[in-house]
Ligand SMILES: Cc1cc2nc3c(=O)[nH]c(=O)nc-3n(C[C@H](O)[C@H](O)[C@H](O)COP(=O)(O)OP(=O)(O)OC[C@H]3O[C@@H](n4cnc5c(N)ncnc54)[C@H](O)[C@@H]3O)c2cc1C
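Have a look below at one chain only, the form predicted alone, in structure tokens format.
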Amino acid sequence: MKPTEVDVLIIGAGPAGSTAAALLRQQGFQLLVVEKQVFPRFVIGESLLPHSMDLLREAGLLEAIQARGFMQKFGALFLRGNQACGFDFSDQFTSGWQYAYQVPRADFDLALADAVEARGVPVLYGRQVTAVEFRDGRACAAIEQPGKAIDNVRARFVLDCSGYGRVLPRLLSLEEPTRFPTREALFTHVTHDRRPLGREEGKIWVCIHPDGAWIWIIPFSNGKTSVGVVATPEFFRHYPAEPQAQLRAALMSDPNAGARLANVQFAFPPQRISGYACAVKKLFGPQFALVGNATEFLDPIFSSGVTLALASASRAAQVLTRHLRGQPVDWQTEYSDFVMQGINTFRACVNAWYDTSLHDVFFAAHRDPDIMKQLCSVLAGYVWDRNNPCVSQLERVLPLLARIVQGRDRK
């Protein structure tokens, strides 16, 4: 059978894949999106950042999301015992969106994929890319559907937007060990939590557990709330082994989460993800590029996953458009370095979160308003704004800030 011929094969129909497809379709390219799962499907990563709104609008996908009536997210509240640090996206350094959305990903991802299909991009669900060869300036991919014959696709280029599936990193041996220690996330959706009122209702809560874990609380407009505990495996061993009892006990042992979630009911049995952090040797090759979580995944603490997925998809589509038109491009400087700028900024935040120097800054008795505005823009996803000192010098700035606030608070 003659292989299907396309300009671009996109692996994965999640936010990265849909965004890349939308942008490349605008440029008139012939595309094929292959998705292993059948939508709608459950996945975490449910709290968007304001910069994602810029990227959805650029791809022409924002209206499809706005029509879903998702909960508006105006900021974040970090809680540690009787201490609180709030960020409101209306008060940030970078000029940008002042809100985002809290999204059940089954609904969010389906809305994006449906919008792409409506533009004439074929999306094949329940199919898996099982092999890829690169020869004669083309990618040749084998696509399997359970119980069916293998289809072959020839493409001028492949974008791997497969997220946790990490198709090309596995097939091409691009994976490498992450520098982050192993952590686990235990999570579910609940009903009947005690939400704050007004503008505060949509803000994500991040509760720092007395024993070192942290808890997310993400409200949805459908009445459900996503809750999860992130910790080392050792933390969970102090609680009952059965997942539902374990999650409830961990939530109730934090004073802030316990007060808000005392009467909740679980919408489904808790799920667990372990050792989720990952890294790769390179982000591109002669006829392929890795996009979104297929590149690196750091940690869920700052909800960076979808924003990084959308931003990398946007940049990949820009560079690939010129590449396919025969124009000179430099994938290292124009794509890889750009993506790593965002990843490394969030990486510095994640490292500072777990070594607790960021806690010192958040919960300082005397916080500098200008610094908090700069940090707010980082938390809003504007991690490519190098005019922001907390972007351009973050690895140096955060430890310095922690020492400064510690000195002030001792006075």
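Counting begins at 1, following the sequence as shown. Everything numeric here is computed off the predicted structure, so don't read it as measured data.
Although not depicted, the form predicted in complex with the named molecule is the subject of the following passage.
Undergrad: Can you tell me if residue 163 lies within 4.5 angstroms of the named molecule in the predicted complex, counting non-hydrogen atoms only?
TA: Contact check for residue 163: yes, within 4.5 Å of the named molecule in the predicted complex.
Undergrad: Taking the shortest heavy atom distance, is residue 129 within 4.5 Å of the named molecule in the predicted complex?
TA: Residue 129: contacts the named molecule in the predicted complex.
Undergrad: Determine whether any heavy atom of residue 363 comes within 4.5 Å of a heavy atom of the named molecule in the predicted complex, and answer yes or no.
TA: No.
Undergrad: Quick one: is residue 24 in contact with the named molecule in the predicted complex, heavy atoms, 4.5 Å cut-off?
TA: Although the named molecule is absent here, residue 24 would stay clear of it in the predicted complex, with no heavy atoms inside 4.5 Å.
Undergrad: Let me know the one among 209, 224, 154, 105 whose heavy atoms come within 4.5 Å of the named molecule in the predicted complex, would you?
TA: It is 105 that has a heavy atom within 4.5 Å of the partner.
Undergrad: Counting non-hydrogen atoms within 4.5 angstroms of the named molecule in the predicted complex, say which of 141, 190, 251, 218 makes the cut.
TA: That would be 218.
Undergrad: Does the named molecule, in the predicted complex, lie within 4.5 angstroms of each residue among 41, 167 and 293, using heavy atoms as the measure?
TA: Affirmative, all three are within 4.5 Å.
Undergrad: Picking from 27 to 35, 62 to 70, 367 to 375, 352 to 360, which part of the chain touches the named molecule in the predicted complex when contact means heavy atoms within 4.5 Å?
TA: In the other structure, the partner sits against 27 to 35.
Undergrad: Enumerate the residues of 243 to 277 that have a non-hydrogen atom within 4.5 Å of the named molecule in the predicted complex, in sequence order, or give none.
TA: In sequence order, 273, 276 come within 4.5 Å of the partner.
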